[in-house]
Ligand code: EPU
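Take a look at this single chain in structure tokens; it is the form predicted alone.
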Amino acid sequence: MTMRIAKISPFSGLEEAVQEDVLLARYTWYGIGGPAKYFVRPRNLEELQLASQRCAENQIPIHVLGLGANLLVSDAGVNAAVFRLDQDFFRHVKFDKNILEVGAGVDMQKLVLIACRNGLSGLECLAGIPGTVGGGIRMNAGGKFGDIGAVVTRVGVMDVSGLLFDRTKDDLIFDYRSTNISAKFITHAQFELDEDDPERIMRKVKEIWMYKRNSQPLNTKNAGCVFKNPRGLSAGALIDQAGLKGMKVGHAEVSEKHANFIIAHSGASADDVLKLVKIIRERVFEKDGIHLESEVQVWGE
């Protein structure tokens, strides 16, 4: 008689926070991509620490998922633990005059409106940029109207061993679409904002939003700008000048409105998008000798 040995989960005791083989397509703005081997939604710091430690002990790779706004997941998915800090503990918002402390899972668009209603200026540059505070800080979200890093004074982080510590303004470096934060997790952040008239702040938010609505394909399935702008140049202009606007591979298309956006039409696969990314890189390099660096994260390539 053959005995079956029950498989012990590396997340034993964390069943309330961990699911297996969860399709990631529903968690990305592209709406495409395969499953995560483990999908972790910790309800507090203790669960986050324990789950991360279990990953380290079992050599399980870790990915951190915000709103999936600048993410492309491969059709095969990821053989990893995908952490999503979307529980109430990681979505707190606390005011102390002009100081704002928020959890990493807070939606940046909601935060812009909260700050506006409370007469606090400094986050307007985030209008129209989807994502969570954690993801926004990690990539120094922003654009021609400013970046999130300008108002960050403190960031709470955690490494894979579960060690918690703060990074303060004097040792944080915010660069174009990057920071010097190497810890795997951002747990919370503090912003120092300016007091101002809520109506004036809202006017600025609306102006920025209108600019983006008129220049970007916001009502389509996309992951924002696919490539970083080379120093002093526009990636969108380079792609346009290479004659690639409107190019399609399968059901993926280079936007006619803004060439640095790739739209995933119904039926598109991650492979369609990746093939289009490869073609764009090759054509721009052939024409201008410039290697376009990806701004969109790709998991499971």
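Start at 1 with the first residue shown and count on from there. Just so it is clear, the model here is predicted, and its values are computed rather than measured.
Beyond what is shown, the protein has a form predicted in complex with the named molecule; the following relates to that form.
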- Item | Heavy atom distance at most 4.5 Å to the named molecule in the model of the complex, all of Asp147, Arg203 and Glu207 | no
- Query: If you check Ala259, Ala36, Ala264, Leu48 against the named molecule in the model of the complex, which one has a heavy atom within 4.5 Å?
  - Reply: Ala259
- Let me know the one among Thr187, Gln190, Gln216, Ser121 whose heavy atoms come within 4.5 Å of the named molecule in the model of the complex, would you? Gln216
- Message: For the interface check, one of 194-202, 79-87, 174-182, 157-165 should have non-hydrogen atoms within 4.5 Å of the named molecule in the model of the complex; which one?
- Response: 174-182
- So, in the model of the complex, is Tyr211 in contact with the named molecule at a 4.5 angstroms heavy atom limit? yes
- Would Ala237 show up as a contact with the named molecule in the model of the complex if we use heavy atoms at 4.5 Å? yes
- Message: Would you classify Leu111 as touching the named molecule in the model of the complex, given a 4.5 Å non-hydrogen atom cut-off?
- Response: no
- Answer for Val151 alone: is it within 4.5 Å of the named molecule in the model of the complex, judged on heavy atom distances? no
- Item | in the model of the complex: members of 224-245 within 4.5 Å of the named molecule, any heavy atom | Gly224, Cys225, Phe227, Lys228, Asn229, Ser234, Gly236, Ala237, Asp240, Lys245
